[in-house]
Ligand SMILES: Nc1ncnc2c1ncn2[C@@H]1O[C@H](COP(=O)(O)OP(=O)(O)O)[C@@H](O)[C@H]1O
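Shown below, as structure tokens, is a lone chain in the form predicted alone; questions about how it binds or moves come after it.
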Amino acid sequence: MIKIQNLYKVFKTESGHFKALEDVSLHVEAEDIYGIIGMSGAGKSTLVRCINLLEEPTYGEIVIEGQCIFRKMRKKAEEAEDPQENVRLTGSDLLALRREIGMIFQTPNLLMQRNVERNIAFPLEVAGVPKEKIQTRVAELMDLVSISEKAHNYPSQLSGGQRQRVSIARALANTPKILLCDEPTSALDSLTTNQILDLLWDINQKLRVTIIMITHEIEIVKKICNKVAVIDQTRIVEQGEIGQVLLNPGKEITRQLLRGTRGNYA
């Protein structure tokens, strides 16, 4: 579903160059719930934003469902020219890709002047979907995330968990194949966090949506992910099946993350 090869992201700053990602390679299979975990500043959010090109990588390759959406290889000193042609999806092709990739953020970022159903409808309106189909789709999504009774409420009238449910429904509006979740529960209490994670699990199982979960909390990875990658100081240092990585951590950063939880993985 997603193949990332030798990805680099370098930001230019007034004081020089800042490396956010270095030589990151990752393979995500269809229908995975793939956790990417690391400490703050490790590069997690930058990585997930590169997948739909909200951030343009500096070097590397990203392939989604067999389609190369970005490729820019680092030229070696001994090479006269790049071995492969550069690729960067733009225009209508990029818009089409982004309809295939939903995204959920830590802050729901709902439109305050729109009620629940109109927030969910917004991406469908932008895509030019007929009004009748929008109404049907919005009703389906509100039922899916259990927010139908709040259809006419505005974001200011909702709890944090309810706002995140609306955000999830909106991210699913265009029937994406991939759902990118950037710390979607970090602003929620533990009970609401578990409810949102259960919802994401159900979405994965019912809709067969591939999910990438960015988090700094190992308990979230343990609860719903089947695979995990540990990112430390801009690099992926460990990855694999959830049981393999958490039962036999090979890196100190993974052991530190595990020590920060109560109980053992089972």
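Counting begins at 1, following the sequence as shown. Note that this is a predicted model, so its numbers are computed, not measured.
Form predicted in complex with the named molecule: not shown, discussed below.
Partner proximity in the model of the complex, defined as non-hydrogen atoms within 4.5 angstroms of the named molecule, places exactly one of 25-33, 235-243, 43-51, 221-229 at the interface: 43-51. Contact annotation for residue 13: at least one heavy atom lies within 4.5 Å of the named molecule in the model of the complex. Residue contact check for residue 20: one or more of its heavy atoms lie within 4.5 Å of the named molecule in the model of the complex. Though the partner is left out of this view, residue 39 does reach within 4.5 Å of the named molecule in the model of the complex, counting heavy atoms only.
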